[in-house]
Structure formats: C-alpha cells, structure tokens
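The data below hold one chain only, encoded as structure tokens and taken in the form predicted alone.
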Amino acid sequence: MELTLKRTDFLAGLAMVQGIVERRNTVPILGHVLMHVEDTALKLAATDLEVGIRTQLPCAAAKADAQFTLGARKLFEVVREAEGDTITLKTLDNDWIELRCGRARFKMMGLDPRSFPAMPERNADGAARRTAGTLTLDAAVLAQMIDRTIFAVSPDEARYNLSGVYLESPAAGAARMVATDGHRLALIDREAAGFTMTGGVIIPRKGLAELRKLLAEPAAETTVELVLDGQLARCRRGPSEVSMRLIEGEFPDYRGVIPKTSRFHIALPRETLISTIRRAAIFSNERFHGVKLAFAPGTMTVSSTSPETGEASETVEVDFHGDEFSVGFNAAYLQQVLAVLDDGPITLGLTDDVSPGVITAETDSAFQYVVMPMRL
C-alpha cells in the first residue's frame, strides 16, 4: 500500500490525535496512532482506553482498505520537521512503514493493527443504549463553559469523583457545569434549548480538554452536539470526533458550599485585581502561595511575606465601608479564575476571615466562583 497526502493536513491531524497519547505507556500499542486507508480518506485514531479521538484526511492511495500503526509522538515529530508539500507513506514487510517527504526518507516500525484496542463507544454490537441527554450549544459557548470550570478540577486521581466536571440540567432548557477540588468551586449556567436530563454526569478532565481542542478547530458548523449515551460522552465536529467514558461515582452536594449571602460586596476592575495579586504573590510561600487582603474604609491592601525571600504589599482604592478586617487566599486560585473572565467589574463577596469568598463578574452573571480562605 502506498498513499500520498498534504503534509500540512497530516500534521494537523496528528496534532489532534497525538495529544491523547501518554508519554509513558505500559501497553506499547496505546502509544500508537491507528491509520486506516479507506477509498480516498486516511482515518486516524488514538485512545488511552478512556478517551478516544478520530479524524480523517483526504489522500490519494494506491490501495484502499489497509491498516497500520505508528508511534504517535515520533510520527508527529517527523512530519513536523520534514520539508515539502506532500508526504508519502508506503507499507513494507513486518509492519515497517517508509515515509518520504521532500529530500528526506524515514523508516518507522509499527505494530500489528489488529492489536489496537477498541475505541470508547456504545455497545459493541451497535445497539443503542438509553440516551441520557443531548446538549446542543454554539461551539464558542461550550468552549467558554469548559474554560470557566476545568481549571478547578481536582488533580488528585484518588478523588475520582472530583477528577472531572459535573454536567447537569438544573431546569428544562438549561445546562450547568460545576467543578471543585475541595478548596474552590466554579459554576456556570447557560441556556440550552431542548436540553433536559435526570441527574448529572461527571465528564473526565482529560476528555474535556480534548473536546476543548476540537471546539477550537475551524468548522463550517457553529453548533455542536454533546451526546451523553449510557456511560459514554461523544462530540463530533467536522471530520473529527471525541468520545470518552464518563466517571462513575457521586459528585458532592455542591449547593451547600455556595454562601447564600455575603456581608461585603467589593467591586473593582478585573485587570486591577489580577495585576495587584500577581505582584503581591511574588513573595508568597512557594508551597501555599498565600496572599492577604486587608480592607479598611476606601482601601484594599494585598500583601504577602516570606521569611526566606522578602515581602510585598500594594494598596488600591475600593468602595468598602465597614470595620477593618483581613482574609487570606491562595493567590493561584484567584489568578486562575480571573484569567478566564472577561475584562470588566469583578465583585468580591466576603463576610469574614473564615468564611468562603465568592467571585462574580458583571460580564457573566451566570458564573460563580467560591474559594475557601487560608490562615496566614
């Protein structure tokens, strides 16, 4: 079998699928991308058993209906560094593949494509399961929902029920995403015509990150469908599809964490807040990253101190009226949420030095961020 395709198309396809491949695999075939030549298309697939990605590219092949695999990361490097407008792949004996591009020629050893695992999908026999729900949204809206929650997902894989974003329908025609790591919580609501679902599902962070990449890809259609089918979520855009197994387990009762009221509501520009925290955090403890927010009538002072390196403080004017008090927060938790919000007024909802803080944005009234305080 021999096929030829545009190098830029091949590079874009590999960039999409190779991101799912773990750098260290105990199962060698999971480090490979499966390539299937069918008619005038080259289909690419990669999986880590929990998340799978498929896409296809136009090609000219001397023989149709052929399959082979190659190491995803090494193949990506080869195609990225090669020169020339087209690249040619030719199968050799014993799963070896020859690649030619411009003046360069490479030989790579593949693995038996028959050992490539099945992608996350519905019943193996193709029978449809009960569909939990189909979320239809503008791609930009879904991308924003992911951006404003995924950063709050717990990195601790042992806390499996916190290792993804919770998706539910709080009311007919509405979608809600929630993420928490036990120290902070991000929640966003959006209108979603026709969407309703009993209960909720936990979408894994890795799968959601790959879905976010898919949403950034150029496509003729502006809307996408996220189909929740049994224990599987999948989304197709253009020639590409991401599928993932949902996380089993119960998401915690997040509603009890969100303060119903705050004693103080301090408003200030997002850029002012994020730049002030960034400067003050330079001298925060490298492990805990704590900064202190001290309030007095008309002012807020952001400060940090480290016995080993020094201290910093900066005072800005704010509309605060009340008794002086101070509260500590993890600077990274504040910076991360401010980084995903649009420029505009930000409101800090605070009560005292031991109660959770609430961050809201005038530009997005359907977003809330709750962060637990630190003792400094």
Partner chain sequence: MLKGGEGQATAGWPRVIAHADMDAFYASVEQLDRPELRGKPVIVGGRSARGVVTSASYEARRYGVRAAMPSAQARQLCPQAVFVAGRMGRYAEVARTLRAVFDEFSPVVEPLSLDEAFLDLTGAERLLGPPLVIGRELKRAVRERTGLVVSVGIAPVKMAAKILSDLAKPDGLLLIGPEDLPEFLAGLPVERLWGVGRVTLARLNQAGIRTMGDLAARDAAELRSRFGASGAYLHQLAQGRDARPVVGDWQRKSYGEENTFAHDLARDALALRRALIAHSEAIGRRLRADAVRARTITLKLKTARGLGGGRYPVITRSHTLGTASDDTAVIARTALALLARVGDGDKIRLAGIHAHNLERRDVRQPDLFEGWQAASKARRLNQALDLLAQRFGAEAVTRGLTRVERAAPSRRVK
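Positions refer to the first chain, counted from 1. As the structure is a computational prediction, the values presented were derived from the model and not from experiment.
As for the form predicted together with the partner chain, it is not shown, yet the points below apply to it.
So, Pro204 and the partner chain: in the predicted bound form, are they within 4.5 Å at any heavy atom pair?
Contact check for Pro204: no, nothing within 4.5 Å of the partner chain in the predicted bound form.
Using a 4.5 angstroms cut-off on non-hydrogen atoms, would Gly182 count as touching the partner chain in the predicted bound form?
Yes, Gly182 sits close enough to the partner chain in the predicted bound form that at least one of its heavy atoms falls within 4.5 Å.
Using 4.5 Å between non-hydrogen atoms, is Pro218 touching the partner chain in the predicted bound form?
Contact with the partner chain, no.
Examine Arg159 and determine whether its closest non-hydrogen atom to the partner chain in the predicted bound form is within 4.5 angstroms.
Contact check for Arg159: yes, within 4.5 Å of the partner chain in the predicted bound form.
Counting only non-hydrogen atoms, which stretch in 252-260, 228-236, 84-92, 192-200 is within 4.5 Å of the partner chain in the predicted bound form?
Every other range fails; the passing one is 252-260.
Here the chain is shown alone; which of Asn285, Gln144, Thr276, Thr136 has a heavy atom within 4.5 Å of the partner chain in the predicted bound form?
So the residue touching the partner chain in the predicted bound form, by this definition, is Asn285.
Of 355-375, which residues get within 4.5 Å of the partner chain in the predicted bound form if you count heavy atoms?
Residues within 4.5 Å: Pro356, Val370, Met372, Pro373, Met374, Arg375.
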